[in-house]
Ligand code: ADP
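A lone chain, given as C-alpha cells: the form predicted on its own.
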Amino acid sequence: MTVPEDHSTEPGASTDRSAVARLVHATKTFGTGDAAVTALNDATIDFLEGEFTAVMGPSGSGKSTLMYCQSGLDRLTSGHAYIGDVDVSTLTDQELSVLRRSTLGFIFQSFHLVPALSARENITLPVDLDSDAVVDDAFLAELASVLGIEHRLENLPSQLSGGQRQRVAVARAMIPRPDVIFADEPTGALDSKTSGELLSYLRTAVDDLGQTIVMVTHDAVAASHCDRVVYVQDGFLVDEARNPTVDDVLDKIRELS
C-alpha cells in the first residue's frame, strides 16, 4: 500500500485527513495519437468521510470517468487513485475485485439486479460472495425499513416497481457497510416523486449512518441534497461549492455549457 503525499494546497484537495477516497494528479486518456481524448486531466480531489458529494458537468465533461477511475472500475493513464491508503492504481484485477466487494458500494441507473434472486438475496449478494463475511440481519432489517421495502424482500425484481428495484440496489450497496458508495445517475430512470424519496434515503444514510457517497448526476435537484458539488468541464475540475441550492447549480451548469 502507498500513502499519498500531501497535496492539500491544490484545487479540489482538503486539509482534512479523513478522506476515504482521493485522486492525485489523475489523468485518463482514451485512444492514441491524433485520436486521443483526455477525459480526465490532472485531477486532484479528496472525498471526505461522512460527506455526500455530487459530481456534475456537461455531457462528455469527464464526470463519469472521474467516478470510474476513483472506484477502480477503470484504470488511470497516469496519477493515482486512493481508497483510504490503498493505491488502487497498483492493484491487480483480482485485488481490485476484492477491494470493490469489501470496501465499496455501487448504485447504477439500471439497477443491475439478478432476475432469479429475491430482493433479499440481491441485497445480501456482496456479503454472500465474501467467504469471510456474515450478513448482519439486524442491519438488513434496518435498511429495509428505512427504504420502505421490508414487505418486499421475498419478491423477485420482476415483481417490484422501478423505485422499489432502485431501493433494493441502494440496500445492496450499503449492506457490506462500505467505506464509500459510488452512485452513477441513480435517479436517471425514476420519476420525480421516487427520485425525491431515493435522495432522502441517501441523505439519511449520510446523516444517520455516517455513509460517504459520491454521486455523478446531471440533476440540479439531486445535487441540492448534497453537502458539496464538484464541477467538471473538459476533463478538468473547474469549481466546487458547499451546501448547493438548485438555483446555484443551474446557474453554474449554464455557465459551463
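Just so you know, these numbers come straight off a predicted model, no measurement behind them. So that there is no doubt, residue numbering starts at 1 and follows the sequence shown.
Below: the form predicted together with adenosine-5'-diphosphate, not depicted.
The shortest heavy atom separation between Ser195 and adenosine-5'-diphosphate in the predicted complex exceeds 4.5 Å.
In the predicted complex, no heavy atom of Val221 sits within 4.5 Å of adenosine-5'-diphosphate. Contact between Thr32 and adenosine-5'-diphosphate in the predicted complex is not found at the 4.5 Å heavy atom cutoff.
Although the partner is absent from this view, Val37 contacts adenosine-5'-diphosphate in the predicted complex, with a non-hydrogen atom inside 4.5 angstroms. Listed stretches are 41-49, 221-229, 195-203, 54-62; the contact stretch with adenosine-5'-diphosphate in the predicted complex is 54-62, by a heavy atom cutoff of 4.5 Å.
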